[in-house]
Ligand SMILES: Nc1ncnc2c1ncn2[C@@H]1O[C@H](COP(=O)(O)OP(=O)(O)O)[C@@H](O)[C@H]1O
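Next up: just one chain, as structure tokens, the form predicted on its own.
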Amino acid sequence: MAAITRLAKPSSSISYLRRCLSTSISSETNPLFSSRKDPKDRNVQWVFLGCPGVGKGTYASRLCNLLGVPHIATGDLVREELASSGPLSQQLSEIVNQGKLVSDQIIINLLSKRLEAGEAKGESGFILDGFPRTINQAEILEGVTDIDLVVNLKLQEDVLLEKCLGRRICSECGKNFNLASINVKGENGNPGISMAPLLPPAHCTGKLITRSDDTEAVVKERLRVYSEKSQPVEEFYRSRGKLLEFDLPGGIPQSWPKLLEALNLDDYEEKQSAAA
């Protein structure tokens, strides 16, 4: 399966992203990146889409560990910049706390820096989490490299809201947990969903903090903005035959094996475990 083959480093992608910045991120004024590698000669180049709080980071990270590729989450890049007290910190703080989307120019700038750092470390392949979020970003990414697959994780809004409000972060180790115990009965054509809380170990319990943007008002605004912006991006990849819609059936124990099955990786995890 082409998805599990090796990738040659796309070093020109960094300079391409930087050229996009200097030309107002217009894909029409930039030639497409031409030296693409055959899929059989590289590792996976996937994108994970989904509403805030749906679990993109959790599932993308698990797949990255399984396939041996880096997990690049634009949300993490934004939070790292916020914590750095750099020149963008104050501007990003105002945007995030209002539940708005960060501009294409800022996101692409952060992503280009991340790719540059990864190239220096010899990284290959990737799973992008949280990018692209707009048609403009999708067109730029298409000019940079070939995306093999776009996984669109889906979950009903009331469950998403409850999940986001239950999120906690350990202020010491930085790991994510969730205190929400979700048990939604099926109705109006929607299936029932049960999700157990992801509780912290004892040494993290007294150190949990809530993200500043995980308030009900901000989460609802983020979901509204995402829904408005995501439709064209989904259609962009659907029209290219690259979109995989995946409705999460529950928490990680229920969803992980189903996701592996949908990706034709259900026997790959077993082979990796046997070889370890």
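Each residue number is its position in the shown sequence, starting from 1. Quick caveat: nothing in here was measured; it's all calculated off a predicted structure.
There is also a form predicted in complex with this ligand; it is not shown, and the following applies to it.
* **Option touching this ligand, based on a heavy atom within 4.5 Å in the model of the complex, out of Leu115, Val78, Leu155, Ile193** => When this ligand is considered in the model of the complex, the option within 4.5 Å is Val78.
* Residue (of Lys242, Arg62, Lys220, Arg211) lying close to this ligand in the model of the complex, criterion heavy atoms within 4.5 Å -> Of the candidates Lys242, Arg62, Lys220, Arg211, Arg211 is the one lying within 4.5 Å of this ligand in the model of the complex.
* Asked: Any idea which of 173-181, 139-147, 123-131, 198-206 reaches within 4.5 Å of this ligand in the model of the complex, heavy atoms considered?
  -> Heavy-atom contact with the partner occurs in 123-131.
* Asked: in the model of the complex, does each residue in the set Gln45, Gly68 and His71 place a non-hydrogen atom within 4.5 angstroms of this ligand?
  -> Heavy-atom distance to this ligand in the model of the complex: none of the three under 4.5 Å.
* Asked: Does the 4.5 Å heavy atom contact test between Gly251 and this ligand in the model of the complex come out positive?
  -> Close contact is absent here: in the model of the complex, Gly251 is far from this ligand, nothing within 4.5 Å, heavy atoms only.
* So, in the model of the complex, is Leu101 in contact with this ligand at a 4.5 angstroms heavy atom limit? -> Looking in the model of the complex, residue contacts with this ligand include Leu101, since a heavy atom lies within 4.5 Å.
* **Close approach of Ile107 to this ligand in the model of the complex, 4.5 Å, heavy atom** => Ile107 belongs to the contact set for this ligand.
* Within a 4.5 Å heavy atom cut-off, is Val96 in contact with this ligand in the model of the complex? -> Yes, Val96 sits close enough to this ligand in the model of the complex that at least one of its heavy atoms falls within 4.5 Å.
* Asked: Going through 158-195 from first to last, which residues have a non-hydrogen atom within 4.5 Å of this ligand in the model of the complex?
  -> Contacts from 158-195: just Arg167.
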